[in-house]
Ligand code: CAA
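Starting off, we have a lone chain in the form predicted on its own, written out as structure tokens.
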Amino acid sequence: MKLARRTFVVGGAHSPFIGKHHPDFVWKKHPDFGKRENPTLQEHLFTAARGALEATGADDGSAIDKAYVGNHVGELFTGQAHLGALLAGAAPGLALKPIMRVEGACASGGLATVCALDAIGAGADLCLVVGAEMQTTVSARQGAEYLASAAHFATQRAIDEFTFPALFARRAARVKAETDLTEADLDRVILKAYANGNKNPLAHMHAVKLDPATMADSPRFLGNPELQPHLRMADCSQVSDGGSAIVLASEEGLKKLGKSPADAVELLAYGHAAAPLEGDPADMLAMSTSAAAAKSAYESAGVGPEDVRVAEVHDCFSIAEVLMYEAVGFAERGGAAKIIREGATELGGRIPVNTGGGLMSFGHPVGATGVKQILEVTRQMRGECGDYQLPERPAVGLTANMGGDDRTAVVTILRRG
């Protein structure tokens, strides 16, 4: 969708994404187990929000016109719902502001951003968007039950104890059977994610290095015997806690913060699409909903895939990243293996994707992901990514945030000033 008013990402902040295998995350085998607690959902939410306000000069939040929280199932993992009102306590100036929670499965952060863009188009000048999730409070099996709510629960929950891994194993099986994509190609996608995350101090898996020689040993944990061979632990995104926040501004909003368009990154357009939740995807070999959102975003922005120089795409599983390459036009249908083998999506390639590690290594606190993606592209455009900064600051970037088995999708196009 073309925006009614020019809109800019002024800046933002992440809380560290943590979970099992992160050195600061306390679990039963950690030396600090029983001595200290992990940050709460509220703490991740507040850390990201306060960091974004400070980073952009929005100070105590009083200049913010509206705020939105992206979150999927806070009430299940933590018992805490009503997150709009929770965010109102993050800074004194946010009290009594119009704030609301937005839910769209793993696309919750992208949808919260869409709400803020629409609000600015309708007259708001400054909007705060925060995404946060805490998912480490229960066992992996119980968490899988909660996250299965993003599928059509009545008809898809029984596919496997781990519903979403099974749904994407189903896609992987079909893609490998009907194209030239191999498990070695998926290995390269995974190894790229971890190599990038090793350079990113905020990444959940920052300290974890993968050995290419042992990829085949990664556990294949699905109970469904037909799907079990097609997905490994290494193919999966992380069960993470974390938060991300951005401040969006109109041109007038930039003036209120004492900034100009040259100080910010312009968000040119977005695409938003949703497909019926019930039933199998119309095309198992394609992310058709994400492709529709990408088409809308490109047309509204007046750019094409060939213009994009950095991207954050939804890699909840390695096969999802592969299909996203095709959905957003970086490869033709069935052609993702070619660009993987060329190294096109690596840090030194022609179209670097998920430069900070993506969901597989940076982490996947569900509600935060869509917001994190936009902030990461913004940081690359500003040269703020440290060890994983691209040699040349990209001029055009893309984010693709997906919910469920490609049932909700938000794609944004950004341009450096």
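Every value quoted in this text rests on a predicted model; they were computed, and no experiment measured them. Numbers for residues come from their place in the sequence shown, where the first is 1.
As for the form predicted in complex with acetoacetyl-coenzyme A (CAA), it is not shown, yet the points below apply to it.
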| query | finding |
| --- | --- |
| Touches acetoacetyl-coenzyme A (CAA) in the predicted bound form: Val114 (any heavy atom, 4.5 Å) | no |
| acetoacetyl-coenzyme A (CAA) contact in the predicted bound form: Ala292, any heavy atom under 4.5 Å | no |
| Any non-hydrogen atom of Lys20 within 4.5 angstroms of acetoacetyl-coenzyme A (CAA) in the predicted bound form | yes |
| Contact flag, Ser244 vs acetoacetyl-coenzyme A (CAA) in the predicted bound form, heavy atom cut 4.5 Å | no |
| Listed residue (Cys106, Val313, Val130, Leu323) with a non-hydrogen atom within 4.5 angstroms of acetoacetyl-coenzyme A (CAA) in the predicted bound form | Cys106 |
| Answer option from Val265, Cys236, Ala91, Val308, heavy atom within 4.5 Å of acetoacetyl-coenzyme A (CAA) in the predicted bound form | Cys236 |
| Joint contact, Pro201, Gly358 and Cys385 to acetoacetyl-coenzyme A (CAA) in the predicted bound form, by non-hydrogen atom at 4.5 Å | no |
| Proximity to acetoacetyl-coenzyme A (CAA) in the predicted bound form (heavy atom, within 4.5 Å), stretch among 333-341, 158-166, 116-124, 296-304 | 158-166 |
| Heavy atom within 4.5 Å of acetoacetyl-coenzyme A (CAA) in the predicted bound form - qualifying residues of 140-172 | Ala140, Arg141, Leu147, Ala150, Phe162, Phe164, Pro165 |
